[in-house]
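A single chain, nothing else alongside it, follows as structure tokens in the form predicted alone.
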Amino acid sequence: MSQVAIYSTPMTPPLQVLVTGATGRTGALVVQKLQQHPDQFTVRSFARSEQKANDLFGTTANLYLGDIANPADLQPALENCDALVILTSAIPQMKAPPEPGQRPEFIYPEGGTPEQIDYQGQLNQIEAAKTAGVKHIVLVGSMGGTNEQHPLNRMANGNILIWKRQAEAYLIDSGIDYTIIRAGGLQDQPGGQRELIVGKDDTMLAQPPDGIPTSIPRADVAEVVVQALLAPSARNKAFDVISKPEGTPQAVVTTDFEALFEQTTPGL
């Protein structure tokens, strides 16, 4: 179990936190990490599938079913919440198995385009949180939003990273305290074993520090989310985050998240 440091914070623990996209691969890790610290957090999950939530968490307690496209679904889930963690994202689907030697083609399902999910869906969440009096939103996004030609933007012509970045700008202008975490390429690897590095505006994509891969384990992203809910130095910051590969010489496993967030800056 990870160790959550206790920081002075404007909100009194346990914090009531809603996690949207809770049954996604990163969202589920965030929910599970928050559940490990009942003295610090009371966790609510927001998802579309009751069965998937039960399979992942072994319970449907504190689960709110709904669709981020429908603001009315969000209202009861956010009532009396201190913080919102946004982990919703559009997911492309392969059209059909490609022929030998051909690249696969992708589409977004009806109602599930990046504009609908990563922009309008996030705006719905931000506005619902504002109406509910939520004091802090942690938004998990992706690096690459400054590059229109990024491969993820070109996938199915969805411009997913562009839409994500526009939603981030909306959050910054909303007046709610924010923490925007733009993760590098996500890995299904154990967390808590690497040194994390933060940056801004995709500079680490353009010039990776020490030539390391611009990737990070999902479990480390989940830990950054948990720590950001508690650390004052994470408030009103937006940043990119990657990790040094496990076993990198002279690397120091990140445990002081307050110091990590001190390296980050406000604004898009």
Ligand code: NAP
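What you are looking at is a predicted structure, and each value in this text was computed from that prediction instead of being measured. Throughout, we count residues from 1 along the sequence that is shown.
Omitted from view is the form predicted together with this ligand, to which the following refers.
- Note on the partner interface in the model of the complex: the residue among H37, K200, R235, K52 having a heavy atom within 4.5 angstroms of this ligand is K52.
- Checking A169, I107, L186, L123 against this ligand in the model of the complex, a heavy atom within 4.5 Å turns up for just one residue: L186.
- Although the partner is absent here, I180 is not a contact residue: none of its heavy atoms lies within 4.5 angstroms of this ligand in the model of the complex.
- Shown alone here, P208 lies farther than 4.5 Å from this ligand in the model of the complex, counting heavy atoms only.
- Contact annotation: R218 falls within 4.5 Å of this ligand in the model of the complex, judged by heavy atom distances.
- Contact between G158 and this ligand in the model of the complex is not found at the 4.5 Å heavy atom cutoff.
- Exactly one of the stretches 127 to 135, 192 to 200, 171 to 179, 89 to 97 approaches this ligand in the model of the complex with heavy atoms within 4.5 Å, and it is 89 to 97.
- Heavy atoms closer than or equal to 4.5 Å to this ligand in the model of the complex belong, across 117 to 137, to one residue only: I117.
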